[in-house]
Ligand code: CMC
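Take a look at this single chain, the form predicted alone, given in structure tokens.
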């Protein structure tokens, strides 16, 4: 392979791979692959005025579908009939329980979680890897095997989250034998596994819709990671473990946790009486001056706002209006009042809209879900999209291998 010598920012020329010359690479370069078409998919389409899962728009799904129906749509490829949905739900419920090896690992992770050397996303990642060892289909990448593995992961990830929260709280594990309550739907069972209490109808509905909103989002960082891994013909569990690693980052899935931590910090700094006052404006102005990154705002693709944010903000605020007591020292609606003020300032001063992670933080917080579990719950939804993309990649594969622009030293002699 030749090297164009000269400045430290010299560029690799093409070799046997047919990658094109230095000028061609510079012309095609887009940092972070922004605007680059990375492949084709029949799973999801993101447009400025709509988000579509296999032909169905997200507002339509959030209003009229359940998460189980959306999971079926993504994994099996079409809207289920009543009989198909009943069969699918029964299959998933039957797979909820964890292999004892996975449960034993979760129980052993309490010390790491308590010490801060591990966070829930780390434990979830490792538990998924262990499930790969216990899955009879793990090394089989055929469409039928991938579908079976996808249903098992869909069923078991909420159980991992629930068992982990029990360990964190020092409580006996709930649903060890059955993975929860077989009569509860997917979203309600997730909440039950975490708390031991059957959720209210409103709580179950809000969680169900949040899972729909998080289920799929085209070639985002974690989904693209799963496709890159699947493109090597690696297995689904490996690809999902990689997706969890990508989703953990605060610039991706971890943004919902960071958004809530930001709101808590504002309240700590200005006090409850400061909500609705100029103190919030002053706090935000200081954040702008210090160039602080405010999580839960902006999106690489959407320019006029994230379609999902308004749906979840509306549902979360409506539920908050029915809640009594305090949440982190404030009534539930106070958090949403603060959130609306912050997003109003961001829009007025920076012309930046909230993304779905911003209302997610407030919504989950007023459901008393511990902040470190927000991103694992994201995984409980996104596993459907990931699995659909992994299966799609395996079915029509080409190794994903982009080129790069070399910015290292110019060519030199080792013994020169």
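Numbering follows the first chain given and starts at 1. Owing to the predicted nature of the structure, the values given are computational and were not obtained by experimental measurement.
From this point on, the text means the form predicted in complex with this ligand, which you will not see here.
Across the options 134-142, 288-296, 112-120, 174-182, residues that bring heavy atoms within 4.5 Å of this ligand in the predicted bound form belong to 288-296. Contact check for residue 149: no non-hydrogen atom falls within 4.5 Å of this ligand in the predicted bound form. When this ligand is considered in the predicted bound form, residue 355 lines it closely, a heavy atom lying within 4.5 Å. Although the partner is absent here, residue 378 lies within 4.5 Å of this ligand in the predicted bound form, judged by heavy atoms.
Though the partner is left out of this view, residue 253 does reach within 4.5 Å of this ligand in the predicted bound form, counting heavy atoms only.
Contact with this ligand in the predicted bound form, defined as a heavy atom within 4.5 Å, holds for exactly one of 346, 155, 204, 309, namely 346. Contact with this ligand in the predicted bound form, judged by any heavy atom within 4.5 Å, is made by just one of 264, 279, 300, 318: 300.
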